[in-house]
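Just one chain follows, in the form predicted on its own, and it is written as structure tokens.
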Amino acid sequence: MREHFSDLNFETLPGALPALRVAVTAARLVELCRHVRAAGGRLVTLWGEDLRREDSGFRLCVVLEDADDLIAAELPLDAANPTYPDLSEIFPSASRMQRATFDLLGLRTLGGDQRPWLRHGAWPAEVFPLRHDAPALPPSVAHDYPFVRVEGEGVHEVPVGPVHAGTIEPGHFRFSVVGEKVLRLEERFGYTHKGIEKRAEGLDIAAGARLVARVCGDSAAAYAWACAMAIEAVTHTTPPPRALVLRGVLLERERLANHLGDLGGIANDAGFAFGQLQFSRLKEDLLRANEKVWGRRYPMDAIVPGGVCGDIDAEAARILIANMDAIAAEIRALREIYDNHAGLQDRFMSAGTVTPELSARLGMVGLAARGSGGTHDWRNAHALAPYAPMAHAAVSHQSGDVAARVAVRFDEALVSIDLCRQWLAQLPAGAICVPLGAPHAGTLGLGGVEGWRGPVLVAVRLDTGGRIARCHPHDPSWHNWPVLEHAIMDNIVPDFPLINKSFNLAYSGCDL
């Protein structure tokens, strides 16, 4: 990277995650993005920062990933005219992030989709809630959203949501169909905006970490670890080896719990209630084992900056291993049933197909990408403990359909169990938490792990008092929701719940 951009000053960021920081102009940002894209890299996230109190206007932060590092490119923007180049032509998934950045901070792209994304009617159009001087105003009137209309003989629209029949979060899906065949799907989110980024400003480190852990309830371990890593980066803190192994166990059991739930839920959406019953039972066994060991079915706040809360003893390790041995045996038996059930496979195969080419073009990530021929996994891509010494074989399937995403979950569930077995058998001795070092005000701290959906990243800056000045959590669903719009094309409307469940993306994680 440095040889292609010798005029730029790449600084190594502190912390466990290999990352560089570079200040760029608008033109160099575009060139940097094009270079990363051409080399097979990807966009991780982008966000904005309000620096007007320091007389520095605004700042756009774009995190890219190439073969070796994360690259945090920082573009200063004028306070009176905060505009920047549209990056969605290079990275299609940038479009919604750019629209959200305008809704929250008023940083506008020069080109691209200019429609609002997160702003419905909770705040007026001229108010940008992440600005320091944003007034607290009552909600304004909700506006009509300009959906793209598909016209032609026999074409009609089927609006679904934002309120759904099940206990899921709100999201609107606008289908344009002929008969039952879907010509186009357009999504509309932003119904769950909670003001998390605004709330994080000014919190102390402990409160900020607790808040970030609650960004998305099914990914609490992933967010807590990523946030802890970012804070440890800007306080030059190294968590002890035993804490890192326990974090790995917590994250892999979170992955396992979600995969068990999804394997049951996907089967249920295909009319195979037996599968849901069996996997619900296995997930319940896992949660009960969690309660025995950590005192909570979902160990929220078990991961903290500096290490973990609560150690486990030999008996607890035995309980966890026995629990996962039993689950592994049943996963193998149930996979035989799934693979040999003609009706189930008929629903799974060729439904919601995302080809490897489309996946690469749109920047799909995580388990969904690994169902479309991808192999990228932050557990292998970055040398982070405790994964580094025992990198696992990449899980990947080529067909890109529901069947492939189910197969990835089966394989990854067994990988998670295998990793936990190895760690618990060789659990290092020593402390589980260390005091944080002195905070480095203004320094960008990045933390990231491969959550069960894909890479979760948290960016943190502290102020001179050691409190949160800016925090940006990023969910992998930002990249995959747009792909779902393509996956449903040419399928029938009744298959949407099955295809949607096979992705199982986060609403809340993309609407902070």
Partner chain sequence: MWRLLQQIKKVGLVSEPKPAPDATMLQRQLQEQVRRVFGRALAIRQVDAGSCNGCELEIHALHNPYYNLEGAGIHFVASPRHADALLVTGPVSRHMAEALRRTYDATPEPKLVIAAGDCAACGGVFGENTCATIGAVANVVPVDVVVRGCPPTPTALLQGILAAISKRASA
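Just so you know, these numbers come straight off a predicted model, no measurement behind them. Residue numbers count along the first chain shown, from 1.
Below, we refer to the form predicted together with the partner chain, which is not included among the displayed structures.
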Open item on the list: By the heavy atom within 4.5 Å rule, which residue out of L183, A441, A388, I337 makes contact with the partner chain in the model of the complex?
Closed with: I337
Open item on the list: If the cut-off is 4.5 angstroms on heavy atoms, which of these, C309, V158, I168, A322, is the one near the partner chain in the model of the complex?
Closed with: I168
Open item on the list: Test of understanding: in the model of the complex, would A425 fall inside 4.5 Å of the partner chain by heavy atoms?
Closed with: no
Task: Exercise: G190 in contact with the partner chain in the model of the complex, heavy atom 4.5 Å - done: yes
Open item on the list: Since only the chain is shown here, I'm wondering whether Q278 would be in contact with the partner chain in the model of the complex (any heavy atom pair within 4.5 Å).
Closed with: yes
Open item on the list: in the model of the complex, is there a heavy atom of the partner chain that lies within 4.5 Å of any heavy atom of P129, even though the partner is absent here?
Closed with: yes
Open item on the list: The chain here is shown without the partner chain. Which stretch in 239 to 247, 90 to 98, 357 to 365, 292 to 300 comes within 4.5 angstroms of it in the model of the complex, by heavy atom distance?
Closed with: 292 to 300
TODO: Could you run down 210 to 248 and flag each residue that has a heavy atom within 4.5 Å of the partner chain in the model of the complex?
DONE: R210, L211, R214, V215, C216, G217, D218
